[in-house]
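Listed next as structure tokens is one chain, alone, in the form predicted on its own.
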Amino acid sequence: MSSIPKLECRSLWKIFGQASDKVCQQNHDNNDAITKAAIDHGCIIGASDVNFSVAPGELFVIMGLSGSGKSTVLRSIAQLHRPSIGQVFLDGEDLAAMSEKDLMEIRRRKMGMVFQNFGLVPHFTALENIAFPLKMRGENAATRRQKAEEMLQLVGLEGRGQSYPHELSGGQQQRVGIARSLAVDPEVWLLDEPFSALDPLIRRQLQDELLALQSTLKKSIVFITHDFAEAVKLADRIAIMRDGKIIQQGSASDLLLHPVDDYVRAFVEDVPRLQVLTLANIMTPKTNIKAASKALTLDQSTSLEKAMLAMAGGVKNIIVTDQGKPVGEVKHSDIFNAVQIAET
């Protein structure tokens, strides 16, 4: 991935309340003072000094309990909530400083958004719903229809273009919502708990489909969820929020092995660690490795679960490789120690 961020939030605050402007003007450079003044004036802090970046093609998940501020951050990125303090950069341009007219063009051409409640127009067919954002930006009828049909096929709903929302299942409606957001070919894709209202089986299916789409489309994605298992399955990196603040961010293995506090630890405690952690997370780095008796060679991305299954025949050591070159070693006992340490 590129080291230059596609999207970046810097010192982002969103404060709700009649006195929010006064709070921010008087205490702009002191986080503690902003928080105290907001409370004193009866304001609600939706986002508090939020900082993160999303690389081109990265799927970045923000998660937390209800009321933690994750959806507020997403809406602030899209400027549906104007930030009280701070900046949101897209390709180096500060969205928070743009006019509403310029922002409308950004949303029409560079951003796609999907929400939990689908938001389909009930008297539009699936094709008409998908084509609607193209109509809003002035595309002609033939172009709109062609693109809508392409998107319908992309999300696996070919042949359902003339169906109305009430004729589609919940999962199918969400696919239409996804297709609509992709019709404008967005560079940044903002997904606010898009699967949380669906049955578990449909939810897992759409998660798989999202990963398949991402492997092809390589969008920069900010995905909101309250489900850590969903975050682990989807994310390149995860940020955990509480009370408007990002408490910790990193890879799933970072959060599992090094939770910064009990709040993060509570999120990760039920995650199947053998499925998430890989040989790269626990190996002893080595380059000059002699092949030992009954040694097994596996790639560093291999999960500990798969490594344990591969060692079932009495293998004691694993030579860990990266693109075929030895980079480390894992012993049979290392896997059990990693799980025990993570669980304490």
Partner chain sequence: MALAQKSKTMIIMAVMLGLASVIIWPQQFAWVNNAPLSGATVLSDTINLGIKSFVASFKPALRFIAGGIDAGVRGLQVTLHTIPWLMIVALVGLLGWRFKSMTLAIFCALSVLYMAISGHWFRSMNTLAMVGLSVPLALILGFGLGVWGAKSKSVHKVLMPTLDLMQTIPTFAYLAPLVVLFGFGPVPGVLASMIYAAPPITRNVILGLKQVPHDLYEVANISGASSWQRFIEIELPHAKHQMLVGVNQTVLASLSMVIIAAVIGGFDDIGREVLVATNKGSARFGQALGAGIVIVLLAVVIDRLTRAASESRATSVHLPLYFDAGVLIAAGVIGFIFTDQMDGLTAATATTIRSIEASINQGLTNFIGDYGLLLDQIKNNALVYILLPMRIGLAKAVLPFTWGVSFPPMMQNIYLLAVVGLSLFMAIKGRFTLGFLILGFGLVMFQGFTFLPWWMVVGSISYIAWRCVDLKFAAITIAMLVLITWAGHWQDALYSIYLCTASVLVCLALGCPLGVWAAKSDRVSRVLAPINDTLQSIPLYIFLIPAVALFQINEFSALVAIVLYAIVPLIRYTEHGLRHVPETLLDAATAQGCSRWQKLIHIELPVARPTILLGLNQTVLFALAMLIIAVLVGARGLAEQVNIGLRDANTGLGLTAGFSMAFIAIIADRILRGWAASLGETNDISMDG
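Positions refer to the first chain, counted from 1. As the structure is a computational prediction, the values presented were derived from the model and not from experiment.
Beyond what is shown, the protein has a form predicted together with the partner chain; the following relates to that form.
Exercise. Okay, which stretch from 233-241, 115-123, 212-220, 267-275 lines the partner chain in the model of the complex, with non-hydrogen atoms inside 4.5 Å?
Worked result: Contact-bearing stretch, as computed: 115-123.
For this session: Would you kindly say which of R204, K245, H226, K135 lies with a heavy atom within 4.5 Å of the partner chain in the model of the complex?
Result: Contact check passes for K135.
Problem set entry | Position in contact with the partner chain when the complex is considered in the model of the complex, options V155, M111, I85, L256, heavy atoms within 4.5 Å | It is M111 that has a heavy atom within 4.5 Å of the partner.
Problem set entry | 4.5 Å heavy atom contact, L90 and the partner chain in the model of the complex | L90: no, not in contact with the partner chain in the model of the complex.
Exercise. For L168, is any heavy atom within 4.5 Å of the partner chain in the model of the complex, or not?
Worked result: No, L168 stays farther than 4.5 Å from the partner chain in the model of the complex.
For this session: Using the partner position in the model of the complex, report whether A78 sits within 4.5 Å of the partner chain, counting heavy atoms only.
Result: Although the partner chain is absent here, A78 would touch it in the model of the complex, with heavy atoms inside 4.5 Å.
Exercise. Hey, in the model of the complex, does A197 get a heavy atom within 4.5 angstroms of the partner chain?
Worked result: No, no contact at 4.5 Å.
Problem set entry | Contacts with the partner chain in the model of the complex - residues in 175-207 whose heavy atoms fall within 4.5 Å | The stretch 175-207, when checked against the partner chain in the model of the complex, contributes only R180 at the 4.5 Å heavy-atom cut-off.
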